[in-house]
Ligand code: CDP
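In structure tokens, one chain follows: the form predicted alone.
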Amino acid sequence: MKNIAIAIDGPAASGKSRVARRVAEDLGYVFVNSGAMYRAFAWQAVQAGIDVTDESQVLTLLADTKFECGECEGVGTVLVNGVDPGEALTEDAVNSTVSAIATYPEVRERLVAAQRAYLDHCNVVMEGRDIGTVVFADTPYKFYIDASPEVRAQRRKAQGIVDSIADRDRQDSTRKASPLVAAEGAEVVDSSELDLEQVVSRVLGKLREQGLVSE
């Protein structure tokens, strides 16, 4: 029997990662942060010192990069050429590079295949920007977590991340490859004035309506 995928999409700092992690914990599924995969390759590009606006350099690096995606204690993991970037995934250089890296269709194709491979061995709650529209477009369990730009900017600042929410939104929503949009049929939750427990409750409530979660 094919395993189950719950897709949780949304813009930067919408709260989707925390929500997805909690939902996965509650259901006993594996939590996968798809953005960590793109960040891992962005980290590799920074380490290699390439110009990420030069497609030929990016694709050459991609061809020389091995991704190993797995899970540890219910959380998805990614190694790049055998190395775990760890906390380096949130460094400023990675923050300023990841959106550019994610615009290349070849990069997305490679990582989407790795994301889909999780269903070969486990149920997942996967968060990102194209999970419900591309990665698991056929899943009936789709959510889009949003929040106002002002709230998201405050959250980003609290995380110690100084990139521009407006710039990230523009890059993510206008890229040619898998632009950020709410998937058709997705349950949209505005988290601007909700805490984590309230958002998780809404997601689990919808899954209960769909028959995936029992009373």
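In case it trips you up, residue 1 is the first one in the sequence shown, and so on. All of these numbers come straight from a predicted model, not from anything done at the bench.
Although not depicted, the form predicted in complex with the ligand is the subject of the following passage.
J.: What stretch, of 142 to 150, 55 to 63, 181 to 189, 167 to 175, brings heavy atoms to within 4.5 Å of the ligand in the predicted bound form?
T.: The contacting stretch is 167 to 175.
J.: Could you tell me if Y29 has a non-hydrogen atom within 4.5 Å of the ligand in the predicted bound form?
T.: Y29: no contact with the ligand in the predicted bound form.
J.: Report whether the minimum heavy atom distance between Y38 and the ligand in the predicted bound form is within 4.5 Å.
T.: Flag for Y38 set to yes.
J.: Does R156 reach the ligand in the predicted bound form if we count a contact as any heavy atom within 4.5 Å?
T.: Yes, R156 sits close enough to the ligand in the predicted bound form that at least one of its heavy atoms falls within 4.5 Å.
J.: Does the ligand get within 4.5 angstroms of any non-hydrogen atom of N33 in the predicted bound form?
T.: Because a heavy atom of N33 falls inside 4.5 Å of the ligand in the predicted bound form, the answer is yes.
J.: Using a 4.5 Å cut-off on any heavy atom, which residues of 123 to 140 would contact the ligand in the predicted bound form?
T.: Those in contact are E127, G128, R129, D130, I131.
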